[in-house]
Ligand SMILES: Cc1ncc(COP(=O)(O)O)c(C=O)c1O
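As a starting point, one isolated chain is supplied in structure tokens, in the form predicted alone.
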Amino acid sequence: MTAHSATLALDEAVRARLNEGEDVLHLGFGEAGLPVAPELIEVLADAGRHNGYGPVAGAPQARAAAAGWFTRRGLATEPEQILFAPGSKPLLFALLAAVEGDVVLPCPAWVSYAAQSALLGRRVIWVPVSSEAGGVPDPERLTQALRRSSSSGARPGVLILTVPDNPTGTVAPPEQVEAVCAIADRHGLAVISDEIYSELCHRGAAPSPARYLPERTVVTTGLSKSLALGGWRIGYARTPLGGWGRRVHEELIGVASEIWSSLAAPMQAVADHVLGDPPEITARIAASRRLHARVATAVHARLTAAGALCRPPQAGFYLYPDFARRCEFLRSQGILTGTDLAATLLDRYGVATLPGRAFGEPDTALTLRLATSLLYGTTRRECERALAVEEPENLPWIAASLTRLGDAVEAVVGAHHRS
């Protein structure tokens, strides 16, 4: 039996509590938490009359726009390398269906990679990430894991990387991405690079694995995070040039033709507009990037003040604190696992998070994933205000949530008690 996605299940449970009048601080769901840009509503309305099926891979103008978008970001791309889908999640599943072999994942990793692998009957080979950043396995441990798994009968075929990363909110350094791609090349692995947070790097740009293993890397991305269009379900993939890339592209089209047929025509019009990088859209993304960075940094300060080990945020709106240093106090309170810790925060203090178990870690790990993107306000006006100011963390409604979170975490982990 396939379990309900941990992130979606928690979001539905929290929203049920909110509907019942409970006061919950929702840090468990990776929704971008911002209103739709007004000009995109106009684009969508104008495209509403388009109700016919289109090409499976996408309309020519949308594919050309996506190719231009990648090219301007340093990955020269032709329209024939692009395929659109209703979100990047089905693209990832289709890619796993199209590429043979067991799946190598960094640990921790986004919840759906392992679940999709299981749906396809693929073994998952977990490899820990480094202490600096997540989303990319530690190179030395990757080599060891591949040797062990092959000797035990596994058939490693696909390596999934997340650059920038969910759940840690970090960006692996270029030299680490390059080293991991070299290992993948030596072992004949295909690389799926999930880059849906690439536009939300707080500083600089993320190093795409497609730069280091261009002939065997497929990039997936979408508009859910950069423009808060999760409910519009717009995803797209870039397959490599060359024989292997062409074969994967044809396999993807075959899978897509039997599952989703094509991305809805009005959404392709939105993608065509956005991927042309019009100034109002790039400005909107820049404002979102600043907001995510400021609030995530403020939350990070409160987590470390409470005694957590936590990588500083570098992209998106996630944090992944580890409370192992508070294990003795937590054990004295009957909190033995990450699941216990998340449940205590929710039941006692109304703070919703996800335990590290959802991301591939053992439940004994006292880790949580926090998404800071639903702290920006409860109304469109509040969220737009948060986008507009230089120091959004000082707005009254955001500051109050930060204080509440800090107080709750400190109380649960006994920040003022010596272990």
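Residue positions are given as counts along the sequence shown, with the first one as 1. Predicted model only: the values in this text are computed from it and were never measured.
A second form of this protein, the form predicted together with the ligand, is not displayed here; the remarks below concern that form.
A.B. asks: Would you classify residue 225 as touching the ligand in the predicted bound form, given a 4.5 Å non-hydrogen atom cut-off?
C.D. replies: Contact with the ligand, yes.
A.B. asks: Could you confirm whether residue 341 comes within 4.5 Å of the ligand in the predicted bound form, counting heavy atoms only?
C.D. replies: Taking the distances in the predicted bound form, the answer for residue 341 is no, it never comes within 4.5 Å of the ligand.
A.B. asks: Please run the contact check for residue 208 against the ligand in the predicted bound form: heavy atoms, 4.5 angstroms, yes or no?
C.D. replies: No, residue 208 is distant from the partner.
A.B. asks: Would residue 84 count as a contact of the ligand in the predicted bound form, using a 4.5 angstroms cut-off between non-hydrogen atoms?
C.D. replies: Residue 84: no, not in contact with the ligand in the predicted bound form.
A.B. asks: Any idea which of 260-268, 196-204, 136-144, 328-336 reaches within 4.5 Å of the ligand in the predicted bound form, heavy atoms considered?
C.D. replies: Stretch 196-204 is the one.
A.B. asks: Every residue in 110, 166 and 233 with a non-hydrogen atom within 4.5 Å of the ligand in the predicted bound form?
C.D. replies: Yes.
A.B. asks: Note which of 170, 239, 88, 288 lies within 4.5 Å of the ligand in the predicted bound form, where distance is taken over heavy atoms; exactly one does.
C.D. replies: None of the other options qualify; the answer is 88.
A.B. asks: By the heavy atom within 4.5 Å rule, which residue out of 314, 217, 77, 162 makes contact with the ligand in the predicted bound form?
C.D. replies: Checking each option against the ligand in the predicted bound form, the one that comes within 4.5 Å is 162.
A.B. asks: Any residue of 118-148 with a heavy atom within 4.5 Å of the ligand in the predicted bound form counts; write them all down in order.
C.D. replies: Counting only heavy atoms within 4.5 Å of the ligand in the predicted bound form, no residue of 118-148 makes contact.
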